[in-house]
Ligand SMILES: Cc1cc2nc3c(=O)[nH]c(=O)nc-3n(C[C@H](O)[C@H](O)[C@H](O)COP(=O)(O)OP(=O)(O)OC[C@H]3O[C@@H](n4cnc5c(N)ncnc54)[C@H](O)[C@@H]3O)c2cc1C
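We begin with a single chain expressed as structure tokens, specifically the form predicted alone.
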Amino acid sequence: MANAAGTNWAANLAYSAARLHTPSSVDEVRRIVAAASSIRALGSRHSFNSIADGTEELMSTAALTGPVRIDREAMVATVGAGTRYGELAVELQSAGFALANLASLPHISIGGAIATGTHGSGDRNTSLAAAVVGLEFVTAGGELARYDAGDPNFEGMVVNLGALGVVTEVTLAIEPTFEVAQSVFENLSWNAVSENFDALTGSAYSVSMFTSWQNLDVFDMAWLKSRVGSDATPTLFGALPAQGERHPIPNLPAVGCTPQLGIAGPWFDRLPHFRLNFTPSNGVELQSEYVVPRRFAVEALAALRFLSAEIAPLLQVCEIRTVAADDLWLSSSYGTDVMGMHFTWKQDQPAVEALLPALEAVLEPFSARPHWGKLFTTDPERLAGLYPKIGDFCRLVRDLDPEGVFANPFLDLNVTGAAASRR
């Protein structure tokens, strides 16, 4: 039956594989992979492009959850790859622990998020993948492999794009639980951002700025998430505290958002923008994200202003945030602190895809890396040039999957084929 796997979360992509597997155990995963000639793994379906699609078979990891195992001495937690971050957070909190950071959505699966280099926000906070200290996955022959931080090539296995195998279990670094107070400020002036960017993004544990690119004099909002006991009381360069709770998209109700107004609460109920038990939208959106080295932050934002008239009509909101450097080969923050520009578009894919080349051209001088799981049109050869270790990653793919069981057209174009063209 065609399209047995249905669509992604936003329904802008219908998966092309004719068969969908839904294993609930590692043994099932091993049997399915061993019998497959071509298969890809699906997480929570929050990718907006075909990175997770398969030409023949797909495997949902949603049931690969199981109990969370906490090692208090080593300060790590081991969890099934299909577990959603919000579900893990509740378990950790009940045991007195936390993750250092979370993405804006707690609904995404751990395996899928780390595979695509998804991140949260904060000058000193690395991507979600950088918290990984161990991986278990099923290789192309159906064997179960385990790799830990310090093992050869481990830095190439975490942000893996699904190219190395089906990740079944992940071990993450944890820390003692902490509280966060979230405050929203409105009408942050452009001059304040351009003149005080470092001080602004360093004013809280996590800072996100939002703009519709309609009023170039101000950013609509800034969300500051301050770690209780370590961050100063937030004030923000003349921006005004919001007089009620806000949604990142102007004029939408904040009922599904995490508590604001400076009221302290547990880390997992403040670091994401949205609550786990609410769907943040109906999926009527598209997303792109581009990440530039932090040293180019103000210049890149200034360059985008010249394209604002083309961006604004297609945009719901644009989020600006920072992420600390890591050493993961295909991470968008590999080797450098970065600023991310996240675009939540209206669901008009032809118009968005027509705009993206112009947007990417504006950002090209700033070495912009697109998010692997969102919409982009970056030339594959240029994309390969943005990742110094992409050749090493492709050699790792050939070693672990010589027959291309986990390959798909997205990888052939944007990763393995692009790397080969640079040799």
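Please read these numbers as outputs of a predicted model, since none were measured by experiment. Start at 1 and count along the sequence shown; that's the residue number.
There is another form of this protein, the form predicted together with the ligand, and it is not shown here; the text below is about that form.
Among residues of the shown chain, E91 is not one whose heavy atoms approach the ligand to within 4.5 Å in the predicted complex. Taking the partner from elsewhere, C394 is found to have every heavy atom lying beyond 4.5 Å of the ligand in the predicted complex. In the predicted complex, at least one heavy atom of E289 sits within 4.5 Å of the ligand.
A residue is said to contact a partner when one of its heavy atoms sits within 4.5 Å of a partner heavy atom; K225 fails this definition for the ligand in the predicted complex, lying far away. The partner is absent here, but in the predicted complex a heavy atom of E285, alone among E353, D123, E285, E87, sits within 4.5 Å of the ligand.
For the options V159, A81, A204, V184, the residue carrying a heavy atom within 4.5 angstroms of the ligand in the predicted complex is A81.
With the ligand omitted here, the record of contacts in the predicted complex names 372-380 of 386-394, 23-31, 356-364, 372-380, defined by a heavy atom within 4.5 Å. Along 293-316, a non-hydrogen atom within 4.5 Å of the ligand in the predicted complex is carried by no residue at all.
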